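This document starts with one chain, in the form predicted alone, laid out as structure tokens.
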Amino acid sequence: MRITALETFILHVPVSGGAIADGSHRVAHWGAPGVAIHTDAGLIGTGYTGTHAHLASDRMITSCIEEAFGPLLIGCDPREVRALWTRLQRHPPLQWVGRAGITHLAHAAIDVALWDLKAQAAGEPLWRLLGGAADQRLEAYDTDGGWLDRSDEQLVAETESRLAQGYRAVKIKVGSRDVRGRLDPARDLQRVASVRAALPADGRLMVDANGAWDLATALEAGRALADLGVAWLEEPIWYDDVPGHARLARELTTPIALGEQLYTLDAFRDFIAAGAVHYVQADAVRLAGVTEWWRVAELAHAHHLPVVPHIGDMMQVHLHLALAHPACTLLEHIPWMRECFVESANVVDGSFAVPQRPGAGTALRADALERFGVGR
């Protein structure tokens, strides 16, 4: 089997409620710049990354796929995924201009598509190709009811709705600001307390600052979060601050979660070595695809740390990876892209249904590009 062509696409999918906000961002659409890799066997592998639907930067990613990586792949056997990963990652001109960012996101889309092809060629869903078992239970936790722009009443209503659907774990955003634009941790703690009161005693509540707090705020608010029974504090401060996260991990009793803004195995190595993280939230579409994600998951597992994938792919690839890797027992649920896929990830009574189609779950519905595609 040989690669014959690469065809890029960009999807901009509306988010829940028309717009959402967290501690650092406001978005109305989720972006998915990606690639369909065609083969002489008639199989097509699909992969993509996740963005905030900024067309100019999305085009940079698809241009990198077409013009920089594409010529390195034509004529290759797509099943040789790890060898191709190294070929792309170590290609001197591309290595010179970026080992993270645009080139890394483009590489992620390609690697996901190659693993999709490899699983299709084997006639297996990716989770089984990677060694997972069909009887595994993967718990879902919901984030889509906890955005920062929601009122306390909306947060509680969304929490009660998720409980009725069988969820036992939810996450809400923190990073509130007052009318002058200053951080308002007291408001955040009020929001957390409202949701905590709506959960049963065995319900889990996570909070996510999306890097909005400074270290002093994180230390102050983090101590109060412990009294509210928060399961983890996610991205409390700037994403790359290893010493700051290490201090929080030492001084707070609430565990630290992070990883959605880390792009390389080396970055995760540094956080883990510093004792700066308790929950590793590796993202296959921020890292260079399935290949690098698996290496990060193995590193975390070797340090006895749980892996809870960030949901930049809106559950598709990460569902397969979480079912296959022993470090994973929990996966985030954000349903924005479910109308894009032939076999969307589904949650039943608080757990993900195990997908059955061959591939990585990334095959697009026939109408996805017509409904959500934007100009290349």
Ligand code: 0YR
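Only a predicted model underlies this, so the values are computations on that prediction, with no experimental measurement involved. Residues carry their position along the shown sequence, with the first being 1.
This next part talks about the form predicted in complex with this ligand, which is not shown.
Proximity to this ligand in the model of the complex, taken as a non-hydrogen atom within 4.5 angstroms, holds for one residue of A363, A368, I20, I10, which is I20. Taking K118, H245, R191, K171 one by one, only a single residue has any non-hydrogen atom within 4.5 Å of this ligand in the model of the complex, and it is K171.
Under a 4.5 angstroms non-hydrogen atom cutoff, this ligand in the model of the complex lacks H318 among its neighbouring residues. In the model of the complex, this ligand lies farther than 4.5 Å from every heavy atom of E292. At a distance threshold of 4.5 angstroms between non-hydrogen atoms, T143 is in contact with this ligand in the model of the complex. A residue is said to contact a partner when one of its heavy atoms sits within 4.5 Å of a partner heavy atom; W147 meets this definition for this ligand in the model of the complex. Heavy atoms within 4.5 Å of this ligand in the model of the complex belong, among the stretches 62 to 70, 332 to 340, 33 to 41, 346 to 354, to residues of 332 to 340. For the partner-free chain shown, D208, N210 of 196 to 216 come within 4.5 angstroms of this ligand in the model of the complex, judged by any non-hydrogen atom.
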